[in-house]
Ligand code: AGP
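Okay, so here's just one chain, in structure tokens, the form predicted alone.
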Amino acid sequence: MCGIVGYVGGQNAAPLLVEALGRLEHRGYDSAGVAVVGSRTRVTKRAGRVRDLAEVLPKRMSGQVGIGHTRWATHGPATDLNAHPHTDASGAVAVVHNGIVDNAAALRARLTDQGVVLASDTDSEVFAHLVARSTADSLEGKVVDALDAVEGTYGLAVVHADFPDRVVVARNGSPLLVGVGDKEMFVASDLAALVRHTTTVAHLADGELATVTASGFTTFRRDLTRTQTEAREVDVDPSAYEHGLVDGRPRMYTEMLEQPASVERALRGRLDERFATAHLGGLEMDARELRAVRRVKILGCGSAYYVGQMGASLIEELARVPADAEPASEFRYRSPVIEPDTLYVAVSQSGETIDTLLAVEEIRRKGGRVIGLVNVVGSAIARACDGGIYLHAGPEIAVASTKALTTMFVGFALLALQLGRVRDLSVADGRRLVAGLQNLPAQIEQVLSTEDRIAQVATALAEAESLFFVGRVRGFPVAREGAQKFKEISYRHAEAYQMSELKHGPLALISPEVPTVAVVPDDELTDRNVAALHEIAARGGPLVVVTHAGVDLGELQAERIDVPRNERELDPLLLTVPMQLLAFHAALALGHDVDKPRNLAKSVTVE
């Protein structure tokens, strides 16, 4: 969601900035622009894609210092004027901003009263005017003055024609990092923009600013006192961040195929066969501390929330500890009670999801213990937590999460196993689950091998304007994730319900035009689930049943998708993979860009 890039060095900045913006397209955006400082500050911006910006970029837009931005609209529609960078009246100052200015209306009114003519509808434009109107002698001082007037979140990069050798950046709630090159420096909100040029990066902390010049960078606080943030080498494969089609296939497709390997990585070195348990050193909790946990609260947004529900079920079943999941976006607004014996778990692929990060900060502020389940090393949530579990899924570029979600489930299974074994989970059950986890990669491969059959079913589902996804207990979070995937990339209305709730309202909507995708594992609730399917069929509702081989559906007329059996506690993961394929092939049948669904962003960094 929005993207920032910056460059200071010996090369012409404009083409480098445009290329870097192209690597942030997965974040979701509706306009793009660049500002370059030469003899003056020159700005080019355009609503639409980065390619549209590239087409109108002046060939003589020269300068070795510049900033760029991809905007995801919050204040005002996607227009050329609302695109970033924003400038002051003189055109000397240019600013790009991620985040939300909470007091934007008051600042806009104040500036208007002072005679400033605002060119856009955005909250971000106020930064440019505040910087320009500051009487401070340095660009750093001018930026600090502007920040002192602002309430809200920001990742900010500023250039000024009077200080043509530098970019000043600031962070508060929205990610920013500095990349170190050879006599050149880079700025970005996402590592993907930098890896082609450098993998030596410094992550700014909240409340921190940096001055970036060709010779290096310095970091400081708003009182201008220096901080000691250092750049470190990041162990990444730059080719893994390449966007667009891979061998002619969308990134979402390749990321689905990578799931067996990503699950193997998530398990590597974490299973202890001798003691039939898991070992998660990143938790930084010994057995005594784990035994002291009396409740687990899981916080995430979107798919991370749904897999958190799966995780809560795992923890309750295996560790016999009360556990539940809650949307992180709601958590801090209800003035939650933070309990000292509750373990809080923050779940986020990017590690930068603003709602989840703010929930973490609320927990820490009130003395709670929180661990992170994230995929990006060095991300804000990872740094804010007391410990955690890295997913090791590898870079995930497509907006719809697949391999990160499956490794999140594995992370919860490992946590549940470790919690269970320090309590009452037997050695026999521990061994059963260790074996089940070890079998997951090959079984995911089996599910993926049935793609052609699932694609046929998905093409038929794509014709429906509205669908139900239903499941019960372990199957309900799978149904919720299935509905989420289907709606976000096929744009069909998809709603998830507990199977047991059908008679309490949703059954009124069942008709031949409304298909139902049902999650029916072979477990203690199979008979009840099948009975509910008969109620749907009796009302003419088309059925797709994701289940296990051998489950008797009786005389039901239904499309059937079978997945391999694992242990009952681990089955939800295997039942989830067909949901990804159904959504993917439905979206393809409808002609949609599965990697860049409309109105959505990979990393949600504004509330």
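No experiment lies behind these values; they were computed from the predicted model shown. In this text, residue numbers run from 1 along the sequence as written.
Unshown form predicted in complex with 2-deoxy-2-amino glucitol-6-phosphate; subsequent notes refer to it.
- Message: Is 2-deoxy-2-amino glucitol-6-phosphate in the model of the complex close enough to C301, S348 and T353 that every residue in that trio has a heavy atom within 4.5 angstroms of it?
- Response: Checking in the model of the complex: C301, S348 and T353 are all within 4.5 Å of 2-deoxy-2-amino glucitol-6-phosphate.
- Query: Closest heavy atom of V399 to 2-deoxy-2-amino glucitol-6-phosphate in the model of the complex, within 4.5 Å or not?
  - Reply: V399 belongs to the contact set for 2-deoxy-2-amino glucitol-6-phosphate.
- Message: Can you tell me if K485 lies within 4.5 angstroms of 2-deoxy-2-amino glucitol-6-phosphate in the model of the complex, counting non-hydrogen atoms only?
- Response: Yes, contact at 4.5 Å.
- Query: Is A128 a contact residue for 2-deoxy-2-amino glucitol-6-phosphate in the model of the complex, using a 4.5 Å heavy atom cut-off?
  - Reply: Contact with 2-deoxy-2-amino glucitol-6-phosphate, no.
- Is V96 a contact residue for 2-deoxy-2-amino glucitol-6-phosphate in the model of the complex, using a 4.5 Å heavy atom cut-off? Although 2-deoxy-2-amino glucitol-6-phosphate is absent here, V96 would stay clear of it in the model of the complex, with no heavy atoms inside 4.5 Å.
- Choose one stretch from 267-275, 140-148, 471-479, 399-407: the one whose residues place a heavy atom within 4.5 angstroms of 2-deoxy-2-amino glucitol-6-phosphate in the model of the complex. The contacting stretch is 399-407.
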